[in-house]
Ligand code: AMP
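Take a look at this single chain, the form predicted alone, given in structure tokens.
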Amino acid sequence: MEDYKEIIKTKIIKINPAHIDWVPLREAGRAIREGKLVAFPTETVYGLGADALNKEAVLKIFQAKNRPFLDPLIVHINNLNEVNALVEDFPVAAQKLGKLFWPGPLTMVMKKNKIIPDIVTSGLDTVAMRIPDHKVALGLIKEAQRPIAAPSANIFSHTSPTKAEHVISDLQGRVDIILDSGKTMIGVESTVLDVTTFPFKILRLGGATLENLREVVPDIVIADNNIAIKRAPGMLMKHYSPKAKLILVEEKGEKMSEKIQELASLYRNEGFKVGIISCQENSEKYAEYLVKMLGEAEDLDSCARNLYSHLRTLDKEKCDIIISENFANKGLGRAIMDRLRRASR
């Protein structure tokens, strides 16, 4: 897709989720109804929203992000009662998951109703839907009186935004309104679960963990990547990437830190500026380099929350190379590793 040409005067509005000022939120809702673009916070990352039922408005999302049309969008709704108007079938087991995990970082893929424009779903007969767990996001959907289609609020394939300043850096002049409610709580995108086949399949790992989902529906599996790419948002091979070249080191234990030190020394000697992503416990091993600690190795919630922000900071520090440790293949660690692998391709 060609780079975006139009320049829009972007309005930035601060909204405290603990004490919502409904006047500017009504303005943002009205903007959605008028076919404009509004970037807004969710509990996962910031989203770039448009009226999901207005194909001309949705087209603007793809244009503003330089997003390929083959990458479908997630439709955000306000409550469970809105699902049936947008899908052909809401399976009983999926309803159970919705009652337990919504609002929250779970997106479910279902057979779509014809009311959803094809541009939202990239021509697929399914639609990805979720209820975000953020008061500002829910308030925006309520005020818009529309379901809101929204991918992450960044230039396509770049690191997703977890602060309004990230959105401003990528999209100022491309969107009408940016709602600033501070840092997001989870820091990686929602889990995408296909509920159109059984067993249900995770198409994208994210904020709702495999372990927690299996407590409700034990047969859930992780889909083959070739299937996931065709059916889920955010699953193209190169994604979530900083501007710097990212190298993910997958060795374990001492071999991991030794490999990182070896690579960092090699690239520094070649004249490159090197940044390192590590857990707190290992950070002193890389003290001679620019290090960003995600959190304690076992505190995967903190590691996920800080991942994108620290990648963006290392970009801001003009690093040429970012070398990252690997993280545990459990809980949110699975989502962290998925993002690092895609960013390193």
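All figures in this text were calculated on a predicted structure; none of them were measured in a lab. For every residue, the number given is its place in the sequence shown, counted from 1.
Keep in mind the form predicted together with the ligand is missing from the figure; the text below concerns it.
J.: Only one of Val192, Val167, Leu140, Val175 comes within 4.5 Å of the ligand in the predicted complex by heavy atoms, so just point that one out.
T.: So the residue touching the ligand in the predicted complex, by this definition, is Val192.
J.: With the ligand left out of view, choose which of Lys60, Arg67, His310, Arg305 has a non-hydrogen atom within 4.5 angstroms of it in the predicted complex.
T.: Answer to the contact question: Arg67.
J.: Just one of 144 to 152, 86 to 94, 259 to 267, 214 to 222 has residues with a heavy atom within 4.5 Å of the ligand in the predicted complex, so point it out.
T.: That would be 144 to 152.
J.: Do Leu210 and the ligand come within 4.5 Å of each other in the predicted complex, heavy atoms counted?
T.: Leu210 lies outside the contact set for the ligand.
J.: Wondering, does Gly275 line up within 4.5 Å of the ligand in the predicted complex on heavy atoms?
T.: No.
J.: Is Asn78 part of the interface with the ligand in the predicted complex - any heavy atom within 4.5 Å?
T.: No - in the predicted complex, heavy atoms of Asn78 and the ligand never come within 4.5 Å of each other.
J.: Taking any heavy atom pair closer than or equal to 4.5 Å as contact, tell me whether Leu124 reaches the ligand in the predicted complex.
T.: Judged by the heavy-atom cut-off of 4.5 Å, Leu124 is in contact with the ligand in the predicted complex.
J.: Each of Asp71, Ile74 and Val109 having a non-hydrogen atom within 4.5 Å of the ligand in the predicted complex: is that the case here?
T.: Yes, the whole trio is in contact, each within 4.5 Å by some heavy atom.
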